[in-house]
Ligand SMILES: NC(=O)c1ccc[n+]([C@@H]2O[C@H](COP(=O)([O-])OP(=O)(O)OC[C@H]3O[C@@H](n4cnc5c(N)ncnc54)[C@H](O)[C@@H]3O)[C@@H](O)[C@H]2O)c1
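Below, in structure tokens: the form predicted alone, a single chain.
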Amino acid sequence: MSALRIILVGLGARAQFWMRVIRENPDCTIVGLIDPSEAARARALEQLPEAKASASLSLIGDLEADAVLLATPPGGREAQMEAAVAARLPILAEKPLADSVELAERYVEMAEAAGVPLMVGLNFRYLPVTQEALRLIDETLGPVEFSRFTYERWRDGRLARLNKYPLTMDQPMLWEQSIHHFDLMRYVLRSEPVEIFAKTFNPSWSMYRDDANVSALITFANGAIVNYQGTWQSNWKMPDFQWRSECARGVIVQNDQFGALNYALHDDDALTAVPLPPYEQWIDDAVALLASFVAALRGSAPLQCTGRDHLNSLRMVQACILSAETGQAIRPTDLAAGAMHKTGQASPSHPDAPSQRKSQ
């Protein structure tokens, strides 16, 4: 079977991982490179001299290809999506799909109407630690009833290896990082959120233009409640992460975003460490994500992380923003299919809650 021919759009920091992952996958090859930066194209061609490079999206329609990978910022993807859909090429897009619920809905509907598969790169689902946590819930500890999810990081957005657009975007923590965490909650809890009460804010030392901190209380349809705290501007350079889930028969404690998984039954005196396979951060998860995409396009597995499924995580982000703006709990389902957006008018769960504006 011939290799899947991929056009890579966006040749920034994230694309460097994708070029390596695709090169090392015998089922795939990169045939096209698109970026407005001449320097970025030249750098990519040094690694992939056999590919065609262009500043124009017209390359998507001109090349013989099987799929498009969007390693681009979520804002400004309209023309990219339109070109890929017009060429009837399946799309793998970096998360988030868009920087608004309405725009993401438009992309999903556009792809579905054209019969174009659309997958979003929620690579954290493919982490070994995530898969082992699911196994513990199913086989040992039983369903989660409540959990505490804490992510604290000093993210120096000025570093050369990181994308720069989050420094100036609205709600960078929510759109760029919390979106991963929210997707993980839905995936691991196997349930959808029904109510979110949140506060977003920016510490005085933040390098980000808009809020880099978020706190949220999230209730899911199955009754599970998650207490979430996330920050990109912790004032200590050492990161901290803990996701502790209280289950029917004990607890799961994950002490690192990419590993350090432990569990205990109710009467245990100590946590038991869960063995995990060797793992290379940002590579092995992308390898598994790409393999899933290829399998779906070849008909051997259903498409995972679909654009329509991703909308439920995006609505969690938007619910946090609206809750922070209004001081009220928000139902994410009220944000579906053209419901009120960025106005504070979505139906509150607690209409008598005091008004409270978002810190800038």
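Note that residue numbering follows the sequence shown and begins at 1. Just so you know, these numbers come straight off a predicted model, no measurement behind them.
The protein also exists as the form predicted together with the named molecule; that form is not presented, and the subsequent description refers to it.
Which of 64-72, 303-311, 324-332, 290-298 sits within 4.5 Å of the named molecule in the predicted bound form, heavy atom basis:
Of the options, only 64-72 has residues within 4.5 Å of the partner.
Of the residues S147, N213, S206, Q80, which one places a heavy atom within 4.5 Å of the named molecule in the predicted bound form?
Spelling it out, the residue with a heavy atom inside the cut-off is Q80.
Which listed residue (Y187, F124, F241, F220) meets the criterion of a heavy atom within 4.5 Å of the named molecule in the predicted bound form?
Residue within 4.5 Å of the partner: F124.
Would A133, P193 and Y228 all count as contacting the named molecule in the predicted bound form, using a 4.5 Å heavy atom cut-off?
The answer is no; none of A133, P193 and Y228 reaches the named molecule.
Check R14 for me: does it contact the named molecule in the predicted bound form (non-hydrogen atoms, 4.5 angstroms)?
Within the cut-off, so yes.
Give a yes/no on whether R153 approaches the named molecule to within 4.5 Å in the predicted bound form, heavy atoms considered.
R153: no, not in contact with the named molecule in the predicted bound form.
Quick one: does Y279 come within 4.5 Å of the named molecule in the predicted bound form, counting heavy atoms only?
It does not: once the named molecule is placed as it appears in the predicted bound form, Y279 has no heavy atom within 4.5 Å of it.
With the cut-off set at 4.5 Å between non-hydrogen atoms, does A40 touch the named molecule in the predicted bound form?
Judged by the heavy-atom cut-off of 4.5 Å, A40 is in contact with the named molecule in the predicted bound form.
Check each residue of 252-272 against the named molecule in the predicted bound form and list those with a heavy atom within 4.5 Å, in sequence order.
Nothing in the stretch sits within 4.5 Å of the partner.
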